[in-house]
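This document starts with one chain, in the form predicted on its own, laid out as C-alpha cells.
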Amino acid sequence: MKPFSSINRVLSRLPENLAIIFMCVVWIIPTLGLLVTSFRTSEAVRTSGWWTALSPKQAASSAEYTTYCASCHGSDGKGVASVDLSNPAVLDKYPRTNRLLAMLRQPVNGEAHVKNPPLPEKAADALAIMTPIQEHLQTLGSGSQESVWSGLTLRNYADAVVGYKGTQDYLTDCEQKNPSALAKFKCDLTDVFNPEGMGSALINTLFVAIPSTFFPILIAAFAAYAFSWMDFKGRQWLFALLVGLQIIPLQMTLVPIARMYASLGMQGTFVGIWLFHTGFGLPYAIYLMRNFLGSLPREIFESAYLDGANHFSAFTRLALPLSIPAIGSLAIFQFLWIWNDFLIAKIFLSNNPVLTVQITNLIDPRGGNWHIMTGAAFLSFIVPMTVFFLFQKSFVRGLLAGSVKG
C-alpha cells in the first residue's frame, strides 16, 4: 500500500504545484523580458523581440545591403579602405537607423552616396530598408558569429542614472563631445545628481522612505503597548476604530489634505509627505504590533511590575526587545509600500521626484525612450530587494505575529 499512498500524496498536491508553477511562470517571463530589454540598444528593442537576444546570431547576407552597399563596400564591408564597415568604431557613429539614413543621403564628391538604385524618397520606406542594413553591419562588426553577450550594453542604465534623453546615448555623446546634446551635462560624476536622473531620485526616495518608515513604527509601538497592557476607559472601542480606519481609501483625503498643506505652506515639502505616510500607516502598524504584544505571556510583565518597573521601563526593556520580529515585518511592509508609491509622491512632492515618478519623466514627449525605462525600473528594484532578503526571517516571523497565543 505504500507505493499507492505515495502516488496519492503526489496526485493530491498536483493542482497546488501546478498553480504555483503557473504563477511563477506568469511573473518570471515578463520580468526576464524586462531585464533583457534593459541591456539592449534602442534600435534592437525597436526592431526585434527580447527573446532574440538570448541566442547567438549567425552572419547572414542582407538583400538590402547587397542591393545598395555591396557594389562599393563589398560583401565583407572592406571594399573602401577608408570606411571599413566591419570596424565597430565606425559603426558606433551610427547607432540608429535614422542617423545612418541621414549620412547616406549626404552627397559624396558632389554626387549621391547611393546611386544605383537610389534610396526611396519617403522616409518610412527608406527607414524600412535601413533596418536590415543596420543589422547586417552590426553582424559584420561582430565577426562571423555574435555571442549572446556581445549585443548587450549598459548604456541604458547610464542614461537612466543621469536622465539623458538625447538622440544617441549619454556615453556616446560624451565621447564625441556633442555640445547640443550635453547642455545639461558635464560628463563627470556630478551628472549622477542631475535632477532629471535616477541618481537624484534615489536620494529623494531614501529621504522619503526612511523617516516615513521610522515614525509610524515608533508611534505604533507606544500605542500597541498601551492597548495591550494598560487599562483605560474605551480601550476596546478605540482599538476597533483604529482597525476600521484601515478600510478608508487614501484617495478620499488627497484633496482636503492638499488644500490644508497649501494653506500651511507644506505643499511640496518632505515634512508634509512624512506626515501623510505616518498617518495612513499607523492603523495597520498599531493593529499588527498590538496583536504581537498582546500574545506575550502576561506573567513576564506582572513580574516586572512587582519588581518596581513602571510602564516605560517595561516597554523599553521587555516589550521592544521581544517585538523585534513584528517590528521587522512591519518595517518591510511600510518601507516597500512607500518605496513603490507613485500617487502620493506625485501630488505632494512633485518638485523633488522620487524613483516611481522619475521613471515616468524619462519618457520623451512622443512616448519614446521606454528602453531607458526598463533600466530605470531595475535600478528601482535594487534597494527593496536588498531590504527584503536581509530581513526575510523577521518578515516571515512577523507575519505570524499574534496568530498563536500562549
Partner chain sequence: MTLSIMKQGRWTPFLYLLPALVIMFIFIIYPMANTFVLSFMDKTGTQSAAVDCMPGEPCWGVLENYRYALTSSDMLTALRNNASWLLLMVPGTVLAGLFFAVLADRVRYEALAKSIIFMPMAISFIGAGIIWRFVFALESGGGQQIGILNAIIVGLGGQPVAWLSTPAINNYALMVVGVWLWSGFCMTILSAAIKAVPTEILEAARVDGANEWDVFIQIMLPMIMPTIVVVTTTMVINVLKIFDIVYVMTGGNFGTEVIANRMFNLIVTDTGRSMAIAIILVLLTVPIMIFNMVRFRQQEAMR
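Residue numbers count along the first chain shown, from 1. Being a predicted model, the structure only gives us computed values, none of them experimental.
The form predicted together with the partner chain exists for this protein as well; it is not shown, and the discussion that follows is about that form.
Taking the partner from the other structure, the partner chain in the predicted bound form has no heavy atom within 4.5 Å of any heavy atom of K177. Among heavy atoms of M252, some come within 4.5 Å of the partner chain in the predicted bound form.
Contact annotation for L189: none of its heavy atoms lies within 4.5 Å of the partner chain in the predicted bound form. Not displayed here, the partner chain is kept clear of L171 by more than 4.5 Å at the level of heavy atoms in the predicted bound form.
If you take 230 to 254 and check each residue for a heavy atom within 4.5 Å of the partner chain in the predicted bound form, you get M230, D231, F232, K233, R235, Q236, L238, F239, A240, L241, L242, V243, G244, L245, I247, I248, P249, Q251, M252, T253, L254, in sequence order.
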